[in-house]
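Given as structure tokens, the chain that follows is alone and in the form predicted alone.
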């Protein structure tokens, strides 16, 4: 299935999965992902498409998402962890099975847009940062992430993940292991060279 063949149909399918606020966010992420892809050399069409699809399951009932996670043998630490992460992993499964997305880069960008992971691809980084910086976002530190994204994608992502980790620690919530691995990987590779 060529998802770009009928852009309006795809957008209608995505829109049907979410409320207006989430849809506005989705369009913002798609635009930010295209911009970042053009700046850093990722495929702009793939980045925009991953942005459109990244929150496909975000508004689904947790019971429905849990059933998909269990059926697809997702890691126990994910299933027992923060439900806010589920939609990304479920989304990667659903856009493949229901929409026919087969491009592994797009599937990975959707899967890891909330957690990150060690050894992230350029497209994964683009979508993850776009999710943080799209224009509808407003949280402490977002302007700094946007500023950093203008000059260094890895530094912007490390700053964003560091903020997420700090936020979770301050609230005595679990930090998903992939997020720590992603942060450490970025700092190890960039560190003082930024």
Ligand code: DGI
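What you see is a predicted model, and the numbers here were worked out from it, not measured in a lab. Positions refer to the first chain, counted from 1.
One more form of this protein should be noted, the form predicted in complex with the ligand, which is absent from this view; the next part is about it.
Trainee: Mark residue 68 yes when one of its heavy atoms lies within 4.5 Å of a heavy atom of the ligand in the predicted bound form, and no otherwise.
Mentor: Judged by the heavy-atom cut-off of 4.5 Å, residue 68 is well away from the ligand in the predicted bound form.
Trainee: If you check in the predicted bound form, is residue 131 within 4.5 Å of the ligand, heavy atoms only?
Mentor: The answer is yes: residue 131 has a heavy atom within 4.5 Å of the ligand.
Trainee: Looking at the partner-bound form in the predicted bound form, is residue 84 within 4.5 Å of the ligand by any heavy atom?
Mentor: Yes, residue 84 lies within 4.5 Å of the ligand in the predicted bound form.
Trainee: Indicate whether the ligand has at least one heavy atom within 4.5 Å of a heavy atom of residue 18 in the predicted bound form.
Mentor: Result no; residue 18 lies far from the ligand in the predicted bound form.
Trainee: Out of the stretches listed (164-172, 60-68, 45-53, 149-157), which one is close to the ligand in the predicted bound form, meaning heavy atoms within 4.5 Å?
Mentor: Flagged stretch: 164-172.
Trainee: In sequence order, which positions of 103-120 have a non-hydrogen atom within 4.5 Å of the ligand in the predicted bound form?
Mentor: Residues within 4.5 Å: 113, 114, 115.
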